[in-house]
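Taking the form predicted on its own, here's one chain by itself in structure tokens.
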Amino acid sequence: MHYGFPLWLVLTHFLNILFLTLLARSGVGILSAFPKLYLSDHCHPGREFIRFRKRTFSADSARPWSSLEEEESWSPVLALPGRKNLGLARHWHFMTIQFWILTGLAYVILLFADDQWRRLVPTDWAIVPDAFRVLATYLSGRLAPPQPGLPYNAAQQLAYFAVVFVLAPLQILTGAAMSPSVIGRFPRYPRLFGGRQVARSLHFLTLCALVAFVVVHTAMVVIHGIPREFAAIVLTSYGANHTRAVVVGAAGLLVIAGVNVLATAFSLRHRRRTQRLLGRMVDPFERVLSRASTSRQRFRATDVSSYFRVNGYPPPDERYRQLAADGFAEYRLEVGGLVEQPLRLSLDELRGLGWGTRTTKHNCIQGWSAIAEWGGVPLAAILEACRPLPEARHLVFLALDDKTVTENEGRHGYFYGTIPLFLALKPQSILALEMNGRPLPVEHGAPARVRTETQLGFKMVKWVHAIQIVDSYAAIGQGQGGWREDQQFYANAAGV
């Protein structure tokens, strides 16, 4: 019997293969920045339940260490693009997922509009024992026949249904549960999965399940006969010309492989161009999400993490050491740029502008998280004191941290970061001076660090000594809106 497959199913099948390979490889690239999986949002060192590296780090280590040391450099054969390129891996991941979701939506809509759902969606619980009988048939070395009136046997139908209606949605839902903007705006949402880290673990394990499905699915194609199966999925019918089907199918797979090779090679050779090209498709969504999200996090004191990772090393220069030795008594925060009233404020004067505390979850771009109580001055209060001019659009935070010294991997310059004006006006955006009821520790950014609770951690500049209000950041640094954006090709918007 010949079962026809509509052309739209053939096209979405190949698009799905392409997008899944890009998603899987870029996802591996993201995982390489923090190759550990936790079941707790506190991410206490040594308590991960899976790790993909030999070297371990201890919470009570005598030698100070930074979370950046946990990053791995994985081969471009496995990761997209590989070689410690977290920023570009994220660009590829979030660009691809848009097209993957659109392809999936088109597939599901056409599935029901074309009445093809009857081939995929089980309508009788008897399919479960039937599926086990099919598996027993395969294990005995025999091929299982399709169900009456369908092109699939029970095990195949159940597997396809699970992939389309269980695994794929779970990937999307767990991905959203890792977004700092979503976590901030809907703090109860990640709790549906047991927290952000459980969602991250489920996201990875679901990917493993999808990869396992692809491996088994490919094996079944080989077992049932490549020419016959290619005829159905490439030329829409088992009765189509087998030779032509193999040629067309092989050509399609070569195109998919070629796209992956070209994406990897281009990304590694032209990192800035890749950042800009992919950013045009990714950044607008992140900006909209950041603008629409206002953090509503309200953790309790008992939720505070016993260990909070350090990201980066404190400034080693003599100027900073002297400030720290004197308890930052001589510290002055300079606020200038497009303002009516430039400011030069001591820590006591900063406190006088207003004060607030909030216990929130820190979401690092690497993947780890932790909870802490932050006390500080609302950025809105600083803006009210300096009165930005009408053309003001961005806040630039300048740090005392010379990355040429503290992060010597071929990168240079003093750290800086920017956020749009609207983000600074959010209720939970502060310049933090305290952490967990005590003066901000040196390793966490003393005397002042930024907290913007709907963004990833790299936007929360530490060791801040000045704030500039500007209309554009195009002429600052390399013009990408931050040191990580300039040097490591991160996206400037960081809501996902």
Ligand SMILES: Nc1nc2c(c(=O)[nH]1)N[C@H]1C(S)=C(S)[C@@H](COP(=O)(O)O)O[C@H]1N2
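This structure is a prediction, so every number in the text was calculated from the model and none was measured. Note that residue numbering begins at 1 and tracks the sequence as displayed.
From this point on, the text means the form predicted in complex with the named molecule, which you will not see here.
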{"item": "Residue among 362, 394, 90, 203 with a heavy atom within 4.5 Å of the named molecule in the model of the complex", "value": "362"}
{"item": "Heavy atom within 4.5 Å of the named molecule in the model of the complex - the one residue of 156, 260, 311, 116 that qualifies", "value": "311"}
{"item": "Residue 36 within 4.5 Å of the named molecule in the model of the complex, heavy atoms", "value": "no"}
{"item": "Exercise: residue 434 in contact with the named molecule in the model of the complex, heavy atom 4.5 Å", "value": "no"}
{"item": "The named molecule contact in the model of the complex: residue 461, any heavy atom under 4.5 Å", "value": "yes"}
{"item": "In the model of the complex, residue 484 touching the named molecule (heavy atom, 4.5 Å)", "value": "yes"}
{"item": "Which of 91 to 99, 311 to 319, 340 to 348, 418 to 426 lines the interface with the named molecule in the model of the complex (heavy atom within 4.5 Å)", "value": "311 to 319"}
{"item": "In the model of the complex, residues of 437 to 452 near the named molecule [heavy atom within 4.5 Å]", "value": "443, 444, 449"}
